[in-house]
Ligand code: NCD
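Shown next as structure tokens: one chain only, the form predicted alone.
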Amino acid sequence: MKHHTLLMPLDMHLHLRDGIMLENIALLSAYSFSGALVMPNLVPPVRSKEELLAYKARISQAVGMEAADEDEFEEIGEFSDNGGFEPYMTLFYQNYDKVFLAEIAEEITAIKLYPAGITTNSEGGVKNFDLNEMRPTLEAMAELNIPLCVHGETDGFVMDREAEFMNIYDALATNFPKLKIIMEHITTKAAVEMLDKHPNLFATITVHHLLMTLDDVAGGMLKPHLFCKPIAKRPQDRDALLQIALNAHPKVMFGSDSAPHPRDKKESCGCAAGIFTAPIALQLLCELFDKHGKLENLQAFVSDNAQSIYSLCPEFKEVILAKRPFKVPEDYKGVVPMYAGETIGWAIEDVN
């Protein structure tokens, strides 16, 4: 049986939600990842030091909880002691002053910018990209070495939203050359081409955008559990993403954008945007990289590049994967994952 070992896997874009959802799904990431960049778009969003520290405490409690239902975890994901897991915290972008940013810099890994209303819980985001108005905050972030993570979409036609945002990335990178800017969950050939235009631009890529196009979502019967924002694009866009991910381009890293919603929020007329991949992300990536003969590059994509880009030193964790069939559970405590009920080609063998 073929095996592959990953060291200190990192998920650099993760939604853990809050409350019961947090308690239900956090362990699924903590089991196989050394750490994750946690998104701040709660209701209300995380904007103060007090809110941030309280949220981090809730996450730490959730991933440190003993699994009373250990048998269930064994059935759905080979549960064992998750070992160390570090939630790398983020603030929801607003125009903060330098004094506040200096005070909180040691508590955060990045600040996340959402255009207003563009995705789940983003209503309080940026409405007008006035760089003069944003300048004091962005210059302070650059000086304090706080990266800016950006959900890069306009409110235009859904298939063009990311491509239309490239001018904003261009302006941000040009006007703030010392600011590290992460283009989150890129989905287009245009974003891939933008990546190397500026030395201060980096990107995360999800596993689902490496695997599917819009045709997989809506080409036949609509598949609500494959609906996300940014929406999956054209085959040529997916191919551009595959090219840089499979070759472990040093400016790209894995970010799942795993976004859990209760089943009734997905299977409804107002289908919530988000794909839940956290429990099967590493398995899917192993299968994909193996298929393309690029397993030797997976370590860089899921850990090494992120460590370099964010200057992280994650706690040691060794994840051993095996090339054997694994049937994806129909749901994880009411949250339906990508490929629910289907069999994939790799499974987690052990975590040390």
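As the structure is a prediction and not an experimental result, all values here were calculated from the model. Each residue number is its position in the shown sequence, starting from 1.
Keep in mind that the form predicted in complex with the ligand is missing from the display, and what follows is about it.
Residues placing heavy atoms within 4.5 Å of the ligand in the model of the complex fall in a single listed stretch, namely 114-122, out of 97-105, 114-122, 166-174, 187-195. Shown here without its partner, the chain carries H4, A248 and K294, none of which come within 4.5 Å of the ligand in the model of the complex through any heavy atom. The shortest heavy atom separation between K233 and the ligand in the model of the complex exceeds 4.5 Å. Contact check for R238: no non-hydrogen atom falls within 4.5 Å of the ligand in the model of the complex.
Contact annotation: A259 falls within 4.5 Å of the ligand in the model of the complex, judged by heavy atom distances. Within this chain, P147 is remote from the site of the ligand in the model of the complex, having no heavy atom within 4.5 Å.
Between the options C228, V207, A110, V252, the residue in contact with the ligand in the model of the complex by a heavy atom within 4.5 angstroms is C228. Scanning 287-322 for heavy atoms within 4.5 Å of the ligand in the model of the complex gives no residues at all.
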